[in-house]
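Next up: a single chain in structure tokens, the form predicted alone.
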């Protein structure tokens, strides 16, 4: 939780404390949806709010919610609001743009409306990489990870096939199934099945190396990193939440692969 005092005026335009609150919550929501650490979200919200007639502010964020309480200058009571975060992914560009806006708001003396317009523009901006680029990266990554884990060159193409199909299924299921766990189980099961079929018909040699390399695009590397980062910075609730989410993802991957191995 972050708390700061002594705000400053950025412009003489008329706006209410609720307008500042909406701006701050939108900034925090975008950052959490992009996969930002909670301490960065709290810092960005605090920086942004202190530019617009806010005397004191307290921010508490978790991976699934943000609570902000702020007080306008010369007013006796605080204004508090909560927003839930339902969708989370990895979008470092989104985090960078919102983080940069929070600093430019003070440096360039942006009005509240200007900051809001820029934030809405960031929210509507298309993703840097298309779905096709994501799949191509997963395809190449799967093959390269297999080689890195000492798989043979004969295992490269089965890994490319299994990793590409598995990751494509993961993206497709996530569009229709709200529970991420089921998408990961189906994807890892498909990867294990393709790897087993390839080895059975002689298109691959080492089943374990093919599977390990192919599931790597599904491994929540950023989630684990942020969990450790949050724990180290003292955000225990957030760190444990992200750690539990990473454990569930690992459990889902293991469950899908286990079904294939047990069936064989």
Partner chain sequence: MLLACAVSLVASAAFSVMFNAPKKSVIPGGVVGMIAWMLYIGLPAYFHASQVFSTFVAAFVAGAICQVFARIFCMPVIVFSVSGMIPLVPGGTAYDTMRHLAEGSYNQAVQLASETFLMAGAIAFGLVLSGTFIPFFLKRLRKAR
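Numbering follows the first chain given and starts at 1. Quick caveat: nothing in here was measured; it's all calculated off a predicted structure.
What comes next is about the form predicted together with its partner chain, which does not appear here.
For this session: Name the residue from 30, 68, 54, 212 that puts a heavy atom within 4.5 Å of its partner chain in the predicted bound form.
Result: Contact check passes for 212.
For this session: Taking 4.5 Å between heavy atoms as the contact cutoff, choose which of 122, 172, 148, 85 touches its partner chain in the predicted bound form.
Result: Spelling it out, the residue with a heavy atom inside the cut-off is 148.
Exercise. Counting only non-hydrogen atoms and a 4.5 angstroms cut-off, does residue 114 reach its partner chain in the predicted bound form?
Worked result: Outside the cut-off, so no.
For this session: Classify residue 59 as contacting or not contacting its partner chain in the predicted bound form by the rule of any non-hydrogen atom within 4.5 angstroms, answering yes or no.
Result: Residue-level check for residue 59: no, no contact with its partner chain.
For this session: Evaluate residue 43 for contact with its partner chain in the predicted bound form, applying a 4.5 angstroms cut-off between non-hydrogen atoms, and reply yes or no.
Result: Output for residue 43 is no: heavy atoms all beyond 4.5 Å of its partner chain.
Exercise. Given that the partner is absent here, does residue 109 sit within 4.5 Å of its partner chain in the predicted bound form, heavy atoms only?
Worked result: So residue 109 does not count as contacting its partner chain.
For this session: Verify the flagged residues 160, 164 and 179 against its partner chain in the predicted bound form: is each one within 4.5 Å by a non-hydrogen atom?
Result: No, none of the three is in contact.
For this session: Given that the partner is absent here, state which listed stretch (114 to 122, 95 to 103, 70 to 78, 183 to 191) has heavy atoms within 4.5 Å of its partner chain in the predicted bound form.
Result: That would be 95 to 103.
Exercise. Hey, which residues along 109 to 145 are within 4.5 angstroms of its partner chain in the predicted bound form, non-hydrogen atoms only?
Worked result: Result: 128, 129, 133, 134, 137, 138, 140, 141, 144, 145.
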